[in-house]
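Listed next as structure tokens: two forms of one protein chain, kept apart as structure 1 and structure 2.
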Structure 1
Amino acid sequence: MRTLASFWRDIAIAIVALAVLVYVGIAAETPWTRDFLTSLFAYGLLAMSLNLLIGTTGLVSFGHAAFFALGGYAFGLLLQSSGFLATFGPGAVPVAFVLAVAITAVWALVVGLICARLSEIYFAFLTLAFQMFLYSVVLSWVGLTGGDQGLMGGIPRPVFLGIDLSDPIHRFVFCAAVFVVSILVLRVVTASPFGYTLRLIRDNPRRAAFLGINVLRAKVISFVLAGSVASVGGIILALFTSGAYPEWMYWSQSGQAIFMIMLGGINQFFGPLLGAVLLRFLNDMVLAYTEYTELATGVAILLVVLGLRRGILDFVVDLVRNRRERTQQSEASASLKRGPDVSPDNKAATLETVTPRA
């Protein structure tokens, strides 16, 4: 009953969040706000999906951006195919969306079945190896992917259900809805019994196996879910840029997602999203004055790690919790020092309580 109540509460929060995002996007006087939020939707999903592996399952992946880029490439290549457009007509965009996520999920399943058998550093570097393999394929297969130039010529976006994705407002509302739904899916997964199973595997995989949990299967499911949500982020970015580029699946893209998690907080659900907001905002602000964005990002990460020793949201939550505990301890100590309440009113109440009634 309590879980069901939490589910409906999350649904209500998601509807309110979508309404706020749509209002901000439509009311924005300059395109910068919509552009910033749309890129935030893409990179926010990349970071949030990666934290399903790192924060919830305990799997540090260095190759997560491969799924992000694969979603964008698959979506763009399908819509650039004249045969695909002729076959599905107005429904080409939603069909390409579903197929792109499905293709990424299949690739994540293959990679997950191999990598999830390993642990810690071996898992991390094997995921990186798969990412760089995919990166090499994209660079080498120039006839299909455009090589280092990416998908050229734009991505056709035929109108479906009255939604014209070439229109900035329509595109923003569509991307905002997809983003909110994806975040809701991640929230439901992490708050479900399966999410608690993943945390048990993260904390003590041997105990989980002793309790009868199929640890490998749970890790693979988590890996596929995270890869699928990351591919949705890549699709949003492909819609936004009307293309797909090999830089999206370079190792530095995965590193940037890890920076977002470290900056925002690994133990809070919205920590990676906060990190994405801060990192994208910092990147845009620094670009306005200098091209040394990596230097500014590195300094910001150093300040947070050395100063707070955890992500910003983790620090804030710990600070509030510690203050609350200190306040409760102070109140308990003060109550002990005062001793029992012997006032006349309290005596009367006590006698009334203990005296048997006729």
Structure 2
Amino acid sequence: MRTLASFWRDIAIAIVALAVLVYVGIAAETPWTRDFLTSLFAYGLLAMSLNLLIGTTGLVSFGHAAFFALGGYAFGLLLQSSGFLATFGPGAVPVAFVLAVAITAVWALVVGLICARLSEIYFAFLTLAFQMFLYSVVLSWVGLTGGDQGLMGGIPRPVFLGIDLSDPIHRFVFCAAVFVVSILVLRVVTASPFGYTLRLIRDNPRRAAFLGINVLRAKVISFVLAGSVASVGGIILALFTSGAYPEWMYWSQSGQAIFMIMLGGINQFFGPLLGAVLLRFLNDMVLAYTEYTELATGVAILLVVLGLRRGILDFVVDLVRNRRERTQQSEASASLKRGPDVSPDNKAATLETVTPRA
């Protein structure tokens, strides 16, 4: 209860955010806003959950889109099976939702147990390899997955609790609620003591082990959590497109997710979300002028990585921090000019201004 109590502020923010999203979605005159926001929910969850691995735990996964796509495929396949629909009747959608997340979590557990013991480069490799393995299974198992055509024929969405997901407004509100709750889960995890454990593991795994933390277990938990949240993103996308497509688990999808979090900033909680927004806009904008979107994205990545060397939100935070330090410094040097002020508070500042800076 105590832990939860410290999150009241976050919960309140989440409620307000949800209200704003729902208002914007319903008030929107064209479906474009709703569509854009819904795809943003999906890709935002992909990026935000990946950052739990990369930014918080220090696990550079190159295969995160696998879980995203697996969630979408599992959800779609369950609902497309007539036996499943008959068994669960009106409860089919929520049951499929939970089962799809559970299936992804189990797969993430298997992959995590194999990969989390390895060093950085091997970890990146192996997560990529598992993703491409899943990709090749989806492509070759045409009978089940539709191969390179994707899951066709639409996903049946029986009405549950008065929610009709084939109605655009209902669907939007449902996706927004799922999105906000998932973000809240990520927030609680990163800000909880467990989140601090993960950061300790990122910065100094050996020390974490000395303190009695089971590093492997913490990494695997983080991996499974991130995979599950990513699968929720995939489910949203499957609902939105009423299908599931193999491109979702192609390696470039993972690369894109990594770029999203890098672009937004990995040290701020909402950095990845900003990155997702920016990349979606960038794609739409470039597509309006040229079909060579990859070329433009590539150039943008090089500019951000080699130019800024960090995400935009990280850059802004650093900028503000530097400016604040500089003002403090100039105040200190001003007081130095005014005359000798030997109060102990100012000593440090004075010393700092006198020493030549590199």
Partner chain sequence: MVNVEALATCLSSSACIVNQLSSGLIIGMLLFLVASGVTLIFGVLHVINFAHGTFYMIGAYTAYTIYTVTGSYFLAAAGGALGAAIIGVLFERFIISRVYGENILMQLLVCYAFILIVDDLVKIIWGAQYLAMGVPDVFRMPPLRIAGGFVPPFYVFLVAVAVVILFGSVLLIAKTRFGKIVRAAAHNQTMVSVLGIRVPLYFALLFGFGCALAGVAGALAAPVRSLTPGMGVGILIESFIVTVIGGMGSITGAFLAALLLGLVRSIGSIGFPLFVDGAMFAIMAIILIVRPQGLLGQGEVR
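Start at 1 and count along the sequence of structure 1; that gives the residue numbers used here. Between two forms, the rigid core is the largest collection of C-alphas that superpose within 1.5 Å. Because the structure is a prediction, the values reported are computed rather than measured.
Q: Name the structure that is the form predicted alone; the other one isn't.
A: The form predicted alone is shown as structure 1.
Q: For residue 33, decide whether the Cα shift between the two structures is 2 Å or greater, given a superposition on the rigid core.
A: No, because once the rigid core is superposed, the C-alpha of residue 33 moves less than 2 Å between the two structures.
Q: So, superposing on the core, is the move of residue 304 at the CA at least 2 angstroms between the two structures?
A: After core superposition, the displacement of the residue 304 C-alpha between the two structures reaches the 2 Å mark, so yes.
Q: Report, to one decimal in Å, how far the Cα of residue 327 moves between the two structures once the rigid core is superposed.
A: Displacement of the C-alpha, rigid core superposed: 2.8 Å.
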